[in-house]
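Listed next as structure tokens is one chain, alone, in the form predicted alone.
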């Protein structure tokens, strides 16, 4: 997400757009010998079949299929292992022993094979974090409202809340870093993907605008929020996925939350600022933010579609781009795609383009994008 933290979500590694390199071939350079597909098959039978199979199909989850993969990309991947840009001890050792002819031959062999169906794509249905979050949100409706707009005094609204902050808040309840509440009994059953899916669902709901509360003076509170705006955004509408929006929030909840930074909540910068405020100041700040109009932080209903459309600009083309070593990813093993995308996001695999693209995405978004491509027919 600007996008969800709440992350998109994407062994020979697939996914990744290699840095562009100009294709300049001087007329004086001798033509390289053509690859020997049969020699490549012999090499694959000897060195590769235990993991990738002679038919190019990964033999276990998280092992990529190589059948029908672009030859240019396979060569670039093996070279990346040679140079230590990709980390897999066995592959790096094997690549280090391969001659230039071996690399060309085995790449040509696997590229010549027909595509194979991904077992993981058939077995695992498409995962939608938004729909998953919507189903889980039913358990939150009693207190926080069906769409995350709370009507219970003192209970926070969740609609439009920033997703990374939402997950961090849930974790603080789990770790007992926030005071005891009904949340504590509900959270232990939630996994990481559940939390991220809930966060995306609520972030995508439209907050309702509240009338000015009876408590506090919004006009007196506005100048006191000058410091708050540096993190929480203009008028309390945050643009940072890890910083909560305050606009349109329940005034009673804001009052209790701000005071909690004096004692139980652990945010040193907040504690220092709140300590200098009187109770009347806090009431006025809460009244100001409660009366402001907020907006949805995400578009969870369409985020996966938008992401895959972006991916298809490079990975969906039928034509091999001579300037970029781009892999085919339709029909690829889902677990492998998840692993690769996480590696790009966490900067454990080199690709400037892919790191920048995948950096904002939570595991739930990566799971969704991976399940989408794993379920597509190979080409």
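Positions refer to the first chain, counted from 1. Keep in mind the model is a prediction, meaning the values are calculated, not measured.
Another form exists, predicted together with a small molecule; not displayed. Remarks below refer to it.
Engineer: How about residue 151 - does it come within 4.5 Å of the small molecule in the predicted bound form, if we only consider non-hydrogen atoms?
Structural biologist: Residue 151: no contact with the small molecule in the predicted bound form.
Engineer: Using heavy atoms and a 4.5 Å limit, would one call residue 156 a contact residue for the small molecule in the predicted bound form?
Structural biologist: Contact with the small molecule, yes.
Engineer: Closest heavy atom of residue 36 to the small molecule in the predicted bound form, within 4.5 Å or not?
Structural biologist: It does not: once the small molecule is placed as it appears in the predicted bound form, residue 36 has no heavy atom within 4.5 Å of it.
Engineer: Since only the chain is shown here, I'm wondering whether residue 331 would be in contact with the small molecule in the predicted bound form (any heavy atom pair within 4.5 Å).
Structural biologist: Taking the distances in the predicted bound form, the answer for residue 331 is no, it never comes within 4.5 Å of the small molecule.
Engineer: Only one of 116, 296, 183, 215 comes within 4.5 Å of the small molecule in the predicted bound form by heavy atoms, so just point that one out.
Structural biologist: In short, 183.
Engineer: Which listed residue (62, 42, 54, 68) meets the criterion of a heavy atom within 4.5 Å of the small molecule in the predicted bound form?
Structural biologist: Only one listed residue qualifies here, and that residue is 62.
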